[in-house]
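Included below are structure tokens for two forms of one protein chain, each presented in isolation as structure 1 and structure 2.
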Structure 1
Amino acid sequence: MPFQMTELAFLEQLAHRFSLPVPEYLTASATRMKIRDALQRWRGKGVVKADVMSGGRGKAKVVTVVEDVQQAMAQLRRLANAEVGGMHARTSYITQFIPADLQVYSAVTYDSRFCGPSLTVSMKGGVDIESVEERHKQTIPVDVFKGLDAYQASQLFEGLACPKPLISILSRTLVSFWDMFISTGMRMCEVNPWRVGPDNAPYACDFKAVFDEANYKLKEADLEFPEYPESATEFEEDMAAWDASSYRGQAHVSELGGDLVLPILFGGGAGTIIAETLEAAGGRPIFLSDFGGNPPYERMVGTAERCFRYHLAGASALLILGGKANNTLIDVTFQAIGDALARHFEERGRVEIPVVIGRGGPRMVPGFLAMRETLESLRLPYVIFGHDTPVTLVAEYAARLAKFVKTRKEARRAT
């Protein structure tokens, strides 16, 4: 699975390399005196956070504001042992509190709509980006050879009605943000939010990134990725054993703690982009997966059976999606997934769930026909997208559909 980086590692290793403005910080190992002195410099306020490889820290209450050294020490101890979505914290840390009336969202990721990287910006940062109306965010492609220049960034901010005194400094900051992304082999990175302080300076107050372990730039960056406590779920352990049982095809999963979309994904890079798109669109994917590598029929049946056994009953949409395959036989994998779904219905009972499909590659049409036959025999609603539809658009559609289905289920239970 891809390497990931959270805020603390970013503060320690990347922010200073690319001159990105960040709050002051101290790790949990800091002495009481250092924390007291820091709080005095910070005008009596700090933010204690758990260093955990999971999103949604605010909702999970593992980010808290403290106003004296006693509170800070207590919260550092508490959050060093926190758990979010089944993921355990490695440690905790405290950052300077940045007062701000304005918060900015930024993210760079590879987008199949542009066949390359794209930059997304919003002046409505600090909240889940999926809750922000489309008119309040803008996405543009970035040329990998020319890069991002301050003029492009300033046009983005002007289009979002950014206060004029901030446009120049925010634009220069985003250029450095892009330089970090392209120089270190990242697949995606996000700051949410940049808090703009009283001095009109932006500070990166939360960060996450996913790296491509095969990218030579990552090797040259010489980064250290901290090891987090093992917290594998029963599903992850079962899939890891299944993956190790054969070299034919991949069966990689990592639970994300979501509860809406069950994603059967193909292609490591595409899978990461799809999962990030689902997250951004509010689809709350249950896990990240990579089932490519041209798995034979029996291998794919076993993989799909395990996914359905653990997670189908609780999902609101089943997403079967990947980029355009090179050597994975789509008819084989789709027939296997369909047969595993039918077998699950026979053995464990019917599940009412819509199915969203998108794929391209060898023997695509026979694969779509096989899946259609299975889904119609099971009387399940479905929609199929061809290879000419970007995976990000398919993922966004699946997220909206899953949220709609979830809302309807809850409404029925309420009545």
Structure 2
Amino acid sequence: MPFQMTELAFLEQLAHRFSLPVPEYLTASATRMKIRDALQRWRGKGVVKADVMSGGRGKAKVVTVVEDVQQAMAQLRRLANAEVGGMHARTSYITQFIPADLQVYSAVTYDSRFCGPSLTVSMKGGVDIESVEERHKQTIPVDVFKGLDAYQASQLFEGLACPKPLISILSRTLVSFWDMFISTGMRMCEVNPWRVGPDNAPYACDFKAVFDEANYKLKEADLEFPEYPESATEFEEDMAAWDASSYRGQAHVSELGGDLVLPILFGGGAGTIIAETLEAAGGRPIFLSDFGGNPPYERMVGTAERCFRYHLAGASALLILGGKANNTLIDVTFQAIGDALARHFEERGRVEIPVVIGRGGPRMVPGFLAMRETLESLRLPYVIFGHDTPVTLVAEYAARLAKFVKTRKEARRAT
């Protein structure tokens, strides 16, 4: 998953660094006494929230207003284990309740229409921005070199009929907001809402950001990204670490929850199409993968070994499929996959599974022969297609074959 950040990490690491006004907060580890004192300071009202990597409507269920310490403690305990849309909370925290007459939405992101950064603002914050009518929100491009200036922001607020006394402070706040965006290598950040109270001061009351791993500023920002318990399966975590261990060749996987076809796929584009075709044809792919980018032998061996270790035993067909490669050397990748398969059999025992292969590209002929030799020596059934057979047809065939094998397996087990 890309580097992301939600409100608690923002409160802990970013808000003060960029002088962004935020409510006071305490984490779930705070003592009862500290919470009681804080509630007194906050005029008896706090907001308990789950720290969960999820946004949108479902998140409202894990935000609750509390008015005394008993309620606060109970809600902190409850929400520390909350779940939203399959995502589990990491912890919970309590923030000062900000009474507000006005809620403002703001986001900075890179926008395909301008091919650069843009700022979106609405005076109808606190709700899903997609549900806000177009006339109530405005998006403007921001010069990536010069950045956002307060005048530009004030023009935007004027256009949205922002109360005049607020324009100056909101504009200055958005300039700091932009500074945070551009200084830390973000791809997108959103505050929804800024709650503006009777004192005309805005407070950032929810936050999310996505960072650009390719941006050197992210490394220099020295941020800590909390780990969320449900964000990846063990296989995904293992593969993510393996992927990050080298820049040569990709090792991306995302589990899809299927149980039939184990797909070793090459190329992001082809991989997506193949996974869709498998799914549509009932092939229930176990995961989505992209192992392209011309991986060297050791890289491909390691990738294949991990796939086999986690999923070969439960699969009903092994599919090795990609389009006609431009750079990826077929003999290197196929020899590596074959060797990993042979090693898996030696170390973990044989698996009876048909292998369906489709590929084209540099050094395909020795690659196919190496793979065929391995499959012959392992005595596995196989079908190998060249690049003249469309990948989607191969995927459909693999799906049908896997379904047959699974049915046969189940029938045998029943007898």
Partner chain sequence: MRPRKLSGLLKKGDRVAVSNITGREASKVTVASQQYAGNIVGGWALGKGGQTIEVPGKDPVPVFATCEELYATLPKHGAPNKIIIYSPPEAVYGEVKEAIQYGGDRLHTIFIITENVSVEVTAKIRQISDEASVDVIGCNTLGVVNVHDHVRVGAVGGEAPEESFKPGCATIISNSGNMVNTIAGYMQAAGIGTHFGISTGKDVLILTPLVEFLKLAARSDETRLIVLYVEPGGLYEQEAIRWMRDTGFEKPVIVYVAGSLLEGRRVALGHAGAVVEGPQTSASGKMAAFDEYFGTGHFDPDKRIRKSNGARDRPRRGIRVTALHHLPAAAMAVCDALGWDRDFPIRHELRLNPWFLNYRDLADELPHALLLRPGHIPEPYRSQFARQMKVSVGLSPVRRDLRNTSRASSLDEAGQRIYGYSLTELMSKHSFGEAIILYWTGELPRYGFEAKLVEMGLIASLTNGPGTISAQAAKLSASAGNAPNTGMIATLAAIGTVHGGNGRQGVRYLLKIFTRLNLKNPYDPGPDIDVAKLAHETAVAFKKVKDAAKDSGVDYERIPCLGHPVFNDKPVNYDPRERAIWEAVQQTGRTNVFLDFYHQLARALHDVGVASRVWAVNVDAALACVWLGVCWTALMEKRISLKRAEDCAFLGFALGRAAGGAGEFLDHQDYGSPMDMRVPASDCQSLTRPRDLPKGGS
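Quick note, the numbers are simply positions in structure 1, starting from 1. Small disclaimer: the values here were computed from a predicted structure and weren't measured. Whichever C-alpha set is largest while still superposing within 1.5 Å between the two forms counts as the rigid core.
- Looking at both structures, it is structure 2 that matches the form predicted together with the partner chain.
- Core-aligned CA deviation for residue 377 between structure 1 and structure 2: 2 Å or greater.
- After superposing the rigid core, the Cα of residue 237 is displaced by 2 Å or more between structure 1 and structure 2.
- A displacement of less than 2 angstroms separates the C-alpha positions of residue 66 between structure 1 and structure 2, with the rigid core held in common.
- Its Cα shifted by 7.0 Å, residue 253 is compared between structure 1 and structure 2 on a rigid core fit.
- The two forms line up on their rigid core, and residue 350 then has its Cα shifted by 37.1 Å between structure 1 and structure 2.
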